[in-house]
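Given as structure tokens, the chain that follows is alone and in the form predicted alone.
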Amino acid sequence: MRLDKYLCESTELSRANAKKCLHRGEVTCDGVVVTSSAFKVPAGCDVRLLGEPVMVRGLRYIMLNKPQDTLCSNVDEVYPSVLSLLGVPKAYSLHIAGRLDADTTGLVLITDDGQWSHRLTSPVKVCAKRYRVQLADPLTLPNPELVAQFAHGIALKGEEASLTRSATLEILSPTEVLLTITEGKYHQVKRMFAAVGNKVVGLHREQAGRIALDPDLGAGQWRYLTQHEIDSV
């Protein structure tokens, strides 16, 4: 790895500021001052900035309990990005694996491992996602016809030629259900219930694949994934 890139990935320095540190002679590699940005850092090299050791961060895997009125975006817009909630270096360089609408809460997975993220979000990987849904209009209980309709597939407005993939609907109460889907169409959960004459008034993602939202995380809180959770994808 080039030394300027090494500094960027192990500190808060931008590429431009890393080069300035090098030119000022503030960086040593195995005790020798190096001023060249293009210097290739050998494996096991002791890299120091102003005498302090710096090491490249490993890949990061994070679970966040997304609060309302935040965006799954790498920039702040009308609402702040969920990345602003993370107290980690260079949070805005991370990737959000599977986005939620601003008014949707719950599990968001964040990483800088592109292949891992792809396995979560690629349509061909069929990653199941479970949502807790609050409905405007009470359902009749029991409602096996509606459960069967979701299992068969729903014709979304504007996409009548094809049905959604089979989804699992579990009715908890007249106005609360659990819905598990294996695809990620635009506003899919809201559109599925709109197609059957209802309206979603609350939406919370509880699980993606085998990773379930940690119940100890309050809204806006986060933690690193365990190795078991990482390996489950």
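All residue numbers are counted from 1 along the displayed sequence. Because the structure is predicted, anything quoted here is derived from the model rather than measured.
There is also a form predicted in complex with a small molecule; it is not shown, and the following applies to it.
Colleague: Within 4.5 Å of the small molecule in the predicted complex, counting heavy atoms only, one of 118-126, 158-166, 94-102, 81-89 shows up; tell me which.
Modeller: Answer to the contact question: 94-102.
Colleague: Out of 28, 68, 188, 180, which one falls within 4.5 Å of the small molecule in the predicted complex, going by heavy atoms?
Modeller: The residue from 28, 68, 188, 180 that makes the contact is 188.
Colleague: If the cut-off is 4.5 angstroms on heavy atoms, which of these, 64, 208, 203, 47, is the one near the small molecule in the predicted complex?
Modeller: Contact residue from the list: 203.
Colleague: Is residue 150 near the small molecule? Define near as a heavy atom within 4.5 Å, in the predicted complex.
Modeller: Close contact is absent here: in the predicted complex, residue 150 is far from the small molecule, nothing within 4.5 Å, heavy atoms only.
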